[in-house]
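Single chain ahead, written as structure tokens, the form predicted alone.
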Amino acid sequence: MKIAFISAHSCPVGDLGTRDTGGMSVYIRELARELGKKGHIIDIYTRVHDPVDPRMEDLSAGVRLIHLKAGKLTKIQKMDVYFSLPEFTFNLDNYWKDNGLEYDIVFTHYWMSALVGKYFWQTRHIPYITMYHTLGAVKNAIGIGEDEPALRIASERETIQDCRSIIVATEREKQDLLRYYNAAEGKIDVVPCGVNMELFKPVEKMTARQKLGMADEKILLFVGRIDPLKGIDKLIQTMPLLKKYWNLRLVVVGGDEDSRAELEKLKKLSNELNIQDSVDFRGLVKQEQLPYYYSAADVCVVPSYYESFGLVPLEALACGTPVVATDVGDLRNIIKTGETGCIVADNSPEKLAESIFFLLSQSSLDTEYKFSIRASVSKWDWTNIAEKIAQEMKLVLDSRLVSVA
């Protein structure tokens, strides 16, 4: 198949852990790579985020990344991207015309890109499938952080009705689509996210710590965007409850200039709790470095209020590190409580601390146990996930041929 991926607002090769670059970017890049390995041709379209962005670059076999002008040639606020969508769509249409490009199917990511997919369905009759990654109505229902605009929710409703198929990562997200958007159940397909088992694998703990300049102490790890929805403040509040038992350090990976205000709040909280010397904010880290962080940690903690799936726990487990996480996304199916980690009902500091205490009290993980943790997530290898996505795309194309006939 010839497939156009559209990710208008977020570049799949952007810095992970920034405000608008996270799990979705990993998903797009890894899925495209695996589909390319299977012989499909994938072009990923995003907007120019920096004047030095190349117009087109090869990412891997059969996969190209193409930057199109939409608004300023710099990073802009997410809603400003929405108002630049007409320019993005116009330039994308012209790019296809100028280069004689045709695609079998369009795969859009996030609600803004779905609007672009709708345009090409209406004008070129190219079927589009979409993945929202997060849903505005669900985020508003949680009530943490800024409210999502009514414009977003209206656009999600519109494209949910028009697209040929909606890919969701969890059964929970499917139920959210039915509950909040009255989506047609028959067009929702549940396909989980994946993990790159070649990149994320165990590194000997002391080797990893020496590389990262970490001491011989108990280490808790958080990886992700610095955002109120991530519940990092709750994790910081667990530290006084646990430090009386161990020499303990919390390492926080993620954050950029856009998250400075939230980062300052977290630093202020650490000072108020008098644990500032035990909380290490590392900022942005290249994905290639993450296996060292996961392997250096004793426990990876995911205290989120909301996750559409939960890539970080998959990556940690693939590196042999147990995970404590709230019951969000698909984590209840990924983490085996008491074996590979613990699921907590909510992110209260007391409940997080209780599960972290349980895992830290276990004897040091030997190599065999680390690889048993890793083996528990092998079915989420991207190779398997890409095959399922390809099957869903073929079903959409086959159904279109039947309807035309």
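Model, not experiment: these values are computed from the prediction. The numbering used is simple: start at 1 and walk along the sequence shown.
The form predicted in complex with uridine-5'-diphosphate exists for this protein as well; it is not shown, and the discussion that follows is about that form.
>> Check Gly145 for me: does it contact uridine-5'-diphosphate in the model of the complex (non-hydrogen atoms, 4.5 angstroms)?
In response: No, Gly145 sits far enough from uridine-5'-diphosphate in the model of the complex that none of its heavy atoms falls within 4.5 Å.
> Val26: heavy atom within 4.5 Å of uridine-5'-diphosphate in the model of the complex?
Replying inline: Residue-level check for Val26: yes, a contact with uridine-5'-diphosphate.
> Given that the partner is absent here, does Gly22 sit within 4.5 Å of uridine-5'-diphosphate in the model of the complex, heavy atoms only?
Replying inline: Judged by the heavy-atom cut-off of 4.5 Å, Gly22 is in contact with uridine-5'-diphosphate in the model of the complex.
>> Can you tell me if Gly231 lies within 4.5 angstroms of uridine-5'-diphosphate in the model of the complex, counting non-hydrogen atoms only?
In response: No.
>> At 4.5 Å between heavy atoms, only one of the stretches 83-91, 179-187, 216-224, 102-110 reaches uridine-5'-diphosphate in the model of the complex; which one is it?
In response: Heavy atoms within 4.5 Å of uridine-5'-diphosphate in the model of the complex occur in 216-224.
> Which residue, Val285, Leu73, Ala141, Leu212, has a heavy atom that falls within 4.5 Å of uridine-5'-diphosphate in the model of the complex?
Replying inline: For this set of options, the contacting one is Val285.
>> Please identify the residue among Pro303, Gly117, Pro322, Gly310 with any heavy atom within 4.5 Å of uridine-5'-diphosphate in the model of the complex.
In response: Partner contact (heavy atom, 4.5 Å) among the options: Gly310.
> Looking in the model of the complex, is uridine-5'-diphosphate within 4.5 Å of a heavy atom from each of Leu135, Glu173 and Pro192?
Replying inline: No, none of the three is in contact.
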